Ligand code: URP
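Read the single chain below, which is given as structure tokens and is the form predicted on its own.
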């Protein structure tokens, strides 16, 4: 007996149709009109949209940072994702300088073992190419990239920020890009001019400007735009495909569009926070509460939001993610009181991505339901080498299915969220549109109608997804 979803409207990245969906085991067995019930368990989706489960390609679970560790581990983080309609995450394994990628891979696989509740994969953040003799170590590091691709990690993260911790220089970045091009892998880049930013930060601290507000003021949009152009230019020289993470402002968007117009294999995401939050509204420089919004890149002036929405609609921006990196306000953000440099850098958002994107995107007429599916599921699957398994409602793919109620009203609050933080960046916001039921590989894991917010599946049921190296879909 299968699960037959009837009377719903199936939404793809290109069209919406009245179709039935039959799930058998963990996969979608048939998508058609008038599928016979034949003893199947029938789910009536009248009035609901049937969409692929969301894919968030940018999260940081159980990540050490700034003297503490992100508040969500693989259990709470993946359960929160599922509650909001996201059924697949790509997290980041961080290679420590002086250590190997294999060590990072093993550490992050161990973090997820027995804990992940929906499927996940990993990007590999490269901070070093190896140990020992420079030339020998470099070649060993490049060979490790081959090993990672064989393990199903087909994307490599490169940091142009955080000198002395994560940042690499242009020469190392270029070598990694050359190797990625040879492997058909994708380079994900945190694009900010970290060296220039550190100069500004030091000057602010010397002037006694230590409040949370100065974190945002120290990281200019121009520092992000310069690095965005440089990253894409280096990738273009290397023949590599590049994906700019968390693009936050119009200057950086202009740099992206310029290089795209010149034929560079360049893609980018933005995040929900940059679409709806602003420095004027959330960080006017008046209270310690503003530490809740310390993340990188920082919030920008409100006028940047409209160009980002336009770019999501016209395709210049391909994905909406979260950069979910949660820290509790009471005891973790507190570590930076009196020095914004020490505020753990990140914010919670994985649970509310689809609600925010639907309410402020679709309901506001900025994007269509089809574009919503493209940005939240189909494009992420294609770009990151999972389109044969995830991201669409199609025969043979994993039955990661979201029944979406366009009329459901929901108030976002830390009191009811699954995320392990004591605050929400969208506290008290009322949105219209929410997940009604969420299926992960054919299993009903969330029923927000009967049991709101409760995860119904077993802890640890999530699987590691090996991804193909497809150069971000350009191959």
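Quick caveat, the model's predicted, so the values are computed rather than measured. Positions refer to the first chain, counted from 1.
Quick note: we don't show the form predicted together with N-(aminocarbonyl)-beta-alanine, though the next part is all about it.
Put simply, of 346, 141, 212, 194 only one has a heavy atom within 4.5 Å of N-(aminocarbonyl)-beta-alanine in the model of the complex, and it is 346. Listed residues 382, 265, 246, 366 were compared with N-(aminocarbonyl)-beta-alanine in the model of the complex; 246 is the one with a heavy atom within 4.5 Å. Contact annotation for residue 60: at least one heavy atom lies within 4.5 Å of N-(aminocarbonyl)-beta-alanine in the model of the complex. Interface residue remark: residue 156 is not counted as part of the site for N-(aminocarbonyl)-beta-alanine in the model of the complex, having no heavy atom within 4.5 Å. Contact between residue 162 and N-(aminocarbonyl)-beta-alanine in the model of the complex is found at the 4.5 Å heavy atom cutoff.
Taking non-hydrogen atoms only, residue 80 never approaches N-(aminocarbonyl)-beta-alanine to within 4.5 angstroms in the model of the complex.
This chain is displayed without N-(aminocarbonyl)-beta-alanine, yet in the model of the complex the stretch 338 to 346 from 116 to 124, 178 to 186, 398 to 406, 338 to 346 comes within 4.5 Å of it by heavy atoms. In the model of the complex, N-(aminocarbonyl)-beta-alanine lies within 4.5 angstroms of a heavy atom of only one residue of 325 to 341, namely 325.
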